[in-house]
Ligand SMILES: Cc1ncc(COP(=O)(O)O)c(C=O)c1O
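Just one chain is shown here, as structure tokens, and it is the form predicted on its own.
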């Protein structure tokens, strides 16, 4: 009798979930494709080893917000990981503009990625790998839904510690998220909506895709180490200065957060978002007056030509 062959279900079989892709455009392997066709080989070390860096800039009303700062950080991350890009800074910015223009989106989440790629000879030496660059633009996404933005996120401080900065440099934006993912599951199990992790010394660090601020005695406190130095975090600190709000970048103790008058998180995916409670304990104000003032000015700055860059249209040679 012939050997029996395993029956592999086809994507159209009843009961098999169908993958949904958002509208948008990606640039990968030298060409623009719909999001459904943006795929990397399974041998890419970005997939196999999380050997990659990335950055995300958003577009709001056809304007990039703080594009220069995001590109600068991305290029610094690429250099720190000893990766290389197929173009210079001007070429990178031009490609990001064209990606958004081709997407036709008014408000977009725009990601740039550089992976280690893989070696043409399957060498295990990372110096032999051919690096891969990917960019895409999809509809703007929020770190919190409308209800959460209105009344504040319910945060849980997880028991799992953040990956030590001595092991993985958090200032290089990366996909090492298993500590954060484990923390998210812990938060859900404890009735929370998102999570913040502590470092090995017990100080607060960051959450999945956001930095944390606690406002106590009128001072906006945010961690000084063990975190990605977020562009929105930087923006919040600059806006504090503009508004005359005192700020402190220093180790952030749990007692400062639980004793705060208000707290907020900062992210490219949503800006300045209030925190409503920590470990089930409601904060006195959500959103508090500092959070509200910063958020209002943050969105106002999206029309400021100092920080907002209009998306350029397609080049004459584009098809």
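Everything numeric in this text was worked out from a predicted model, so none of it was measured. Positions refer to the first chain, counted from 1.
Unshown form predicted in complex with this ligand; subsequent notes refer to it.
Of the candidate stretches 82-90, 173-181, 96-104, 128-136, only 173-181 has residues whose heavy atoms lie within 4.5 Å of this ligand in the predicted bound form. Contact between residue 228 and this ligand in the predicted bound form is found at the 4.5 Å heavy atom cutoff. Taking non-hydrogen atoms only, residue 73 approaches this ligand to within 4.5 angstroms in the predicted bound form. At least one heavy atom of residue 207 is located within 4.5 Å of this ligand in the predicted bound form.
Heavy atoms of residue 222 never reach within 4.5 Å of this ligand in the predicted bound form, leaving it off the interface. Using a 4.5 angstroms heavy atom cutoff to this ligand in the predicted bound form, none of 154, 194 and 295 count as contacting. For the partner-free chain shown, 266, 267, 268 of 260-275 come within 4.5 angstroms of this ligand in the predicted bound form, judged by any non-hydrogen atom.
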